[in-house]
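The chain below stands alone and is given as structure tokens, in the form predicted alone.
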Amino acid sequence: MAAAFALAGCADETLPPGAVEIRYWTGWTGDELNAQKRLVDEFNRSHPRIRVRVLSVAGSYQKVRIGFAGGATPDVVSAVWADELAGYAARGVLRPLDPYLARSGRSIEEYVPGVSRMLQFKGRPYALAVTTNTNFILFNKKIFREVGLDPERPPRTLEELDAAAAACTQRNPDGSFVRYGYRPTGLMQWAYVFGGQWYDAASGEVTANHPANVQALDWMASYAAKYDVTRMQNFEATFGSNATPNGPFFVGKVAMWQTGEWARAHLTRHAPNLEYGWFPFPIPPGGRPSTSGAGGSVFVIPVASRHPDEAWEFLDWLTKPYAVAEFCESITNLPPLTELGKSRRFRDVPLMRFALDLAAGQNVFGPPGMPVWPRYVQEIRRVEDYAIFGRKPAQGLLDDMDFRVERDLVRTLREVE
């Protein structure tokens, strides 16, 4: 691994006289890394005063955490997850970007609302982004027609989703599955759909046991009871990977697939003749329409950057419409900039147009601005498993989690003060 790091950092030619070298760590690999390197090469050619050296730290994210802890960071980092942003910002290891944005005549409001909120901590921007994502449900139109559902009117309410899931489910005489309609996953996202929240930024309080969160978990657990989650697991053991032609949605083992716009690449490659449609998460009474999530990796300038002004010049160039469009189009991702979301370059594909409109909505939720969010996410997943596989009551699970996370938050805030 050390050899790989060394080679990655020494790939460019000798630094030109008078130029400043900045180091850039990224978590991208494969096609994404190659697309980034093409843009870095273009920046280097057009900015002879600055030379950017790229190092991929994929598979070694601990290197990033150690770097921040010891003050031995590069000048620009995109190997930071949005989940981690508040924790780093609270510890004072990131440079606030509002002075740089103002100097360049830019604003964090260039981003769609959900992404703009995600990039800030206590009202100040600490990161920028070049991609975003969405969450929604794909459905097999052929299966819908076969069971008497209208493929031109997919489920809009939770009641309609439950009915469609039941209609699309088929079993063998022994009760094992031939196909199931749908299985809800991701309590973190579904809580927002139900109208809940995980953290109240105004009061600084953890809200894990918000009534809507409890309702969401109860509903998710109802599928485990109705369809026998053990049989579901046994059936899922036969699933192929979604990165292969044997993906369960591609071969008809699942009628509805909870996914995002990234699924388009797999569908194009592995199921080009599949007739499918899409719809946002259906809502219960009082729920939030067109709810989605935001996340992924973000770009930051560490406080320990040796060349912050040159780092900003690179980051400013890389996060403007031209470079963002080039990168997103090359890897089939959504651009997070509002301006690009209106461009025919991305809207000509119907699924991407739907995803862009979803990403631009007000009900898009990224990580809340709390420094213990990564641990909180682990707790949410653990509670989801206990409710679904352990059949434990949602209220008690979320009450206990609320206490634990609130305790962790108080301790962490005390440590970073």
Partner chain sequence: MKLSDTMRSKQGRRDLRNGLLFASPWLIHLAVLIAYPILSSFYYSLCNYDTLRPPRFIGLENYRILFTEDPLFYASLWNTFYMVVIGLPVGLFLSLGIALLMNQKLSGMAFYRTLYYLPSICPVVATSILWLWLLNPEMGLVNTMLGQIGVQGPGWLVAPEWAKPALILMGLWGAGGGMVIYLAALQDVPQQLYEAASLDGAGKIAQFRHVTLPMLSPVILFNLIMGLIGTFQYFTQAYVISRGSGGPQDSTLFYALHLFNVAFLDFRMGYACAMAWVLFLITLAASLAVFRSSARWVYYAGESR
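Just so you know, these numbers come straight off a predicted model, no measurement behind them. Residue numbers count along the first chain shown, from 1.
The same protein has a further form, the form predicted in complex with its partner chain, not shown here; the description that follows concerns it.
Contact annotation: its partner chain lies within 4.5 Å of heavy atoms from the stretch 65 to 73 in the predicted bound form, the single such stretch among 43 to 51, 65 to 73, 357 to 365, 25 to 33. Shown alone here, I331 lies farther than 4.5 Å from its partner chain in the predicted bound form, counting heavy atoms only.
Taking the partner from elsewhere, V416 is found to have a heavy atom lying within 4.5 Å of its partner chain in the predicted bound form. Contact check for T244: no non-hydrogen atom falls within 4.5 Å of its partner chain in the predicted bound form. Taking non-hydrogen atoms only, F314 never approaches its partner chain to within 4.5 angstroms in the predicted bound form. For the marked spot (T238, R382 and R404), a heavy atom within 4.5 Å of its partner chain in the predicted bound form is present in each of the three residues.
A heavy atom within 4.5 Å of its partner chain in the predicted bound form is found for one listed residue only; from L274, V147, V93, A265, this is V93. The contact with its partner chain in the predicted bound form, taken as any heavy atom within 4.5 Å, belongs to N234 out of N234, S107, T185, T157. Contact residues in stretch 355 to 389 (any heavy atom within 4.5 Å of its partner chain, taken in the predicted bound form) are R375, Q378, R382, D385, Y386, F389.
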